[in-house]
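Below you'll find only one chain, the form predicted alone, shown as C-alpha cells.
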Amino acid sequence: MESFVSVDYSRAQFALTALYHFLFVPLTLGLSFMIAFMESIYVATGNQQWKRITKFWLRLFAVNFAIGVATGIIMEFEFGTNWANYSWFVGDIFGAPLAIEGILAFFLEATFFAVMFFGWDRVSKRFHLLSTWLVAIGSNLSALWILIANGWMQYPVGTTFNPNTVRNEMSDFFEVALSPVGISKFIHTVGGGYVTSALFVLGISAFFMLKNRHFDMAKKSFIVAASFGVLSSLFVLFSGDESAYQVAQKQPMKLAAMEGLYKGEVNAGIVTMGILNPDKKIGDDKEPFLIKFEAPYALGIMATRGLNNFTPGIDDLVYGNAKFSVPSAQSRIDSGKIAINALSEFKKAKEAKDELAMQKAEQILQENMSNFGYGYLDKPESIVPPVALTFYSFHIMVALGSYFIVLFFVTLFLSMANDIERFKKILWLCVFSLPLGYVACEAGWIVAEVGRQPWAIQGLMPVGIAATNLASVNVAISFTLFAVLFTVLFIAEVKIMLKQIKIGF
C-alpha cells in the first residue's frame, strides 16, 4: 500500500508538471513563427508599424518562453527523482533524443533568443530577422525530439533488451527517430500549438479593435492570426486522422477508450457526441452509452483505412476474440510472467557460470519479450485506462477543433472583406475563444497520456514498476511544493502578460 500511494503521488506530480508545462509550450511553438512572419513583412516593406507589431508580440513571447523553460527542466529532473527504475530500464534510448534536443534545438533557440530580444538596433535587420526565424525553427525542433522520445514510450521500436545489464539498448537510431507514432505525434501536437497561438493573437487583437486602441496594428495582427489559424486548423484536422490511425494500429486499447467502444465491430461507427453509462463495467452486457450520436463506418475506416474490417473493443482486448485473432490479456500476462521468470533464471545461470542454461533462459526471454511488461500486471482488466476521462477529453478536443476551423474561416473571410470591425459579436467571440485553444491542447495531452495507462512504456513497463521506491510522504511534500510553485509561476505569467497587453503596441 505504501508503494501504491507513492506511485500515485509520483504520477500526480508528473501529470501536474506536464499540464503546467503544456500551458506554455503551444504558444511558444506557433507565436514564434507568427512573429517571424510579421518581422519578415517589416524587413521587406520597411513599414515601422510592422516593427512595433513584432516587438509587441515578442514581449509576450519572451514571458511565455522563460516560464516554459523553467517548467520543462523540472520535468526532465523528475525522470531521475521519481522514475529511477524507468530511467535505468530505458535511459540508453530515452536519453538520446532528449540529449539531441538539448544540444541542438534548445541551444539554437536559446542562443538566438538573446539576439531576437535584445538585438534590435545592435545587429543588422537581416541578421535580426534570421535570428527570429532560427528561434522559431529551434523551438519546433525542440518539440520534435521531445515528442520522438514520448512517441517511443507509446511504441517502443529500435531497441534490444540486454539481460546482462537488464536494460534496453538502442539497436537502430533511425527506427527510433523515424517512428511513425513519434512523427505523427509531433505533427499533430505542433499543429495544435499553432492553433492555440493563432487564437491567442486573434483574441488579443480583437480586444484592441473592440476598444479602438492601436486599431490598425491590431487589425494587421488579426489578419495574420486568422490566416495562420486557417492553415493550422486544417493541418490539425488531417494530422489528427493520421494520429488516430497510428493509435488504432499500435495502441488499440487507447482507441477503444477514446471511443467508449466495448464490443468490437466490423465497420464500426464513430461517436460524434455521447454520454457514457456510469454503471457500465468491463465484460458486462449493459449499454456503454446513455445517449449517443454516431457517424456510421467512420471509426472503422479511420482505424483500418478500409471497409469490412474489425475494430477491437475493450472487451475483445481484455478477454480476447478468437474469431478476429485478438489475444486475451491473460495470455499476454502469462507470457510476460514466463519472460520475467526466464530473466531470473538467466541471472542464476550467469552466477553459476552455466552457459547452456544462460542460452536457454535467454531464448525463452526473447520469445516472450514483447509481453514482458504484462507479467507485472495482476489481472487482465488492469490494461484498461480510465475510459470516461479519455473519452470525454478526446471528444472535447475534437469538438473544439471543429469549432476553430469555422471561426478561423469566418474571421479570415470578414477580414479580407475589410468588414470585420462591424461584427462586434464575432470579435467578442474571438476574445472569449482565446482560452479554448489551451483547453483543446490539454485535453489532447490527457488523451495521449491517460489513454495509454497502465503503461510507462507500452507493453514493456507498467507505471507501478517504473517509479522510484520513495516514501509517500516525501513525494507528497514535493508534489505540494510543485503545485504551489507552478501556480505562482502561472499567476505571475498572466499578470506580466496582462501588464504588457495593457501597455499595448
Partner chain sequence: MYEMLQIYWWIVVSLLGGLLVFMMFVQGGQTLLECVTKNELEKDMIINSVGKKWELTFTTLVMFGGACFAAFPLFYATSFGGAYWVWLAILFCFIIQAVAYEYRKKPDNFLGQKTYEVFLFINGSLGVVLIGVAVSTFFSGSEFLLNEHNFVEWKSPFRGLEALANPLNYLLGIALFFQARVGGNLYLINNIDDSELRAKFRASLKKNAMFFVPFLVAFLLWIVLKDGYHVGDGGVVEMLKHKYLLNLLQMPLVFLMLLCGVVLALFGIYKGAFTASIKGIFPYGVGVVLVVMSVFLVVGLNDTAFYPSFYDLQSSLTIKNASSSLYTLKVMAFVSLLVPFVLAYIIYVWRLMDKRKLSADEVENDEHIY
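All of these numbers come straight from a predicted model, not from anything done at the bench. Numbering follows the first chain given and starts at 1.
There is also a form predicted together with the partner chain; it is not shown, and the following applies to it.
Taking the partner from elsewhere, every residue among W88, F127 and L481 has a non-hydrogen atom within 4.5 angstroms of the partner chain in the predicted bound form. When you look in the predicted bound form, the only residue of F186, F112, F207, Y392 with a non-hydrogen atom within 4.5 Å of the partner chain is F112. Though the partner chain is absent from this view, in the predicted bound form it lies within 4.5 Å of a heavy atom of just one residue from F215, F173, F413, F324, which is F173. The partner chain in the predicted bound form comes within 4.5 Å of no heavy atom belonging to D378.
Within 4.5 Å of any heavy atom of the partner chain in the predicted bound form lies no heavy atom of N418. When the partner chain is considered in the predicted bound form, R167 lines it closely, a heavy atom lying within 4.5 Å. The closest non-hydrogen atom of N474 lies within 4.5 Å of the partner chain in the predicted bound form. Partner contacts here mean any heavy atom within 4.5 Å of the partner chain in the predicted bound form, and among 281 to 289, 78 to 86, 360 to 368, 312 to 320 they occur only in 78 to 86.
Annotation for 264 to 297: no interface residues with the partner chain in the predicted bound form [heavy atom within 4.5 Å].
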